[in-house]
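Only one chain comes next, encoded as structure tokens, the form predicted alone.
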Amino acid sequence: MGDKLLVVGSIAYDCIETPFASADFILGGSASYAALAASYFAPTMLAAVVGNDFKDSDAKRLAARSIDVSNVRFDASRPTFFWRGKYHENFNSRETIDVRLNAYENFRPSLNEAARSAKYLLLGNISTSVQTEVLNMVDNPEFVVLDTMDLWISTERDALVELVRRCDLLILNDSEAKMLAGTSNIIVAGNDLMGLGAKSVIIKTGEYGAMLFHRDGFFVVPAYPVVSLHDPTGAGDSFAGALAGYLAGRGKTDFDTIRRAMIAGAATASMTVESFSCYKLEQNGAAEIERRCEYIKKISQLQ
């Protein structure tokens, strides 16, 4: 099934309110979404930490996808990372109402031999310091994907820029790209981020898809047209996880393979938004991902 992928990020419990519904204490976090998405494409290992409130039922959800959790640490003294957020009308914006680091407050990752030898590495959305620490532990990764967000851009910018130079693919959304590049133009941002040292850059544009800036060309993938939007949380993490898993599963990272990986990412992310937590991502399965990939390919072609 290809090379192994190591995913690092957060496992969390979320309380989410949307314009139409709400859900409390559901499985979330960048690593949960990314690892579940990646597991459809490659053998996946997960590095994270959970607290004393982590449910056996949620551990079984990860195990059901054959995700290696031997590098997930347990902190008996603290709860699991917690986030409470509210989406506004049309899901165009959200606000963080409460965030508690809990088990992540003093988290120091440690990796076993299998994780240290991973050829593919996804540094999912978590603090830049944790991402850097994990990268330093992996012996000789062939391809490193870096995901980040506005919080780390504003609080750990210098460390993040240094980390960008060490990675093969940077993924971030349009507002984050403009923020990091210091420009209001998304195309200028993509090019400037490559100038910072990123070997390639993907800028996510939400319901409009994603753009790839690469030394061998430029590519845009459309989003899968979702008609039942329930909760956008984790869509970006699912996109990154599926993309990294696709690359690891095929053992190739050239321009054309990254383009195809973006299609896999868009298809997988479209399932995430159709439910709270990771339920649709888990339930719909590989056949539905493939069907959505083929649909995206079809609508991308001019006859």
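Please read these numbers as outputs of a predicted model, since none were measured by experiment. Each residue number is its position in the shown sequence, starting from 1.
What follows is about the form predicted in complex with adenosine monophosphate, which we do not show.
Asks: May I ask you to state whether residue 94 is within 4.5 Å of adenosine monophosphate in the model of the complex, using heavy atom distances?
Replies: Although adenosine monophosphate is absent here, residue 94 would touch it in the model of the complex, with heavy atoms inside 4.5 Å.
Asks: Is there any non-hydrogen atom of residue 14 lying within 4.5 Å of adenosine monophosphate in the model of the complex?
Replies: Result yes; residue 14 sits at the interface with adenosine monophosphate in the model of the complex.
Asks: Check residue 232 for me: does it contact adenosine monophosphate in the model of the complex (non-hydrogen atoms, 4.5 angstroms)?
Replies: Residue 232: yes, in contact with adenosine monophosphate in the model of the complex.
Asks: Does residue 188 reach adenosine monophosphate in the model of the complex if we count a contact as any heavy atom within 4.5 Å?
Replies: Looking in the model of the complex, residue contacts with adenosine monophosphate do not include residue 188, since no heavy atom lies within 4.5 Å.
Asks: At 4.5 Å between heavy atoms, only one of the stretches 216-224, 112-120, 80-88, 190-198 reaches adenosine monophosphate in the model of the complex; which one is it?
Replies: Within 4.5 Å of the partner lies stretch 80-88.
Asks: Only one of 135, 179, 151, 159 gets a heavy atom within 4.5 Å of adenosine monophosphate in the model of the complex. Which one?
Replies: Exactly one listed residue reaches within 4.5 Å, namely 151.
Asks: Does every residue of 38, 246 and 268 put a non-hydrogen atom within 4.5 angstroms of adenosine monophosphate in the model of the complex?
Replies: Zero of three within 4.5 Å in the model of the complex.
Asks: In the model of the complex, which residues of 12-45 put a heavy atom within 4.5 Å of adenosine monophosphate?
Replies: Residues within 4.5 Å: 12, 14, 28, 29, 30, 33.
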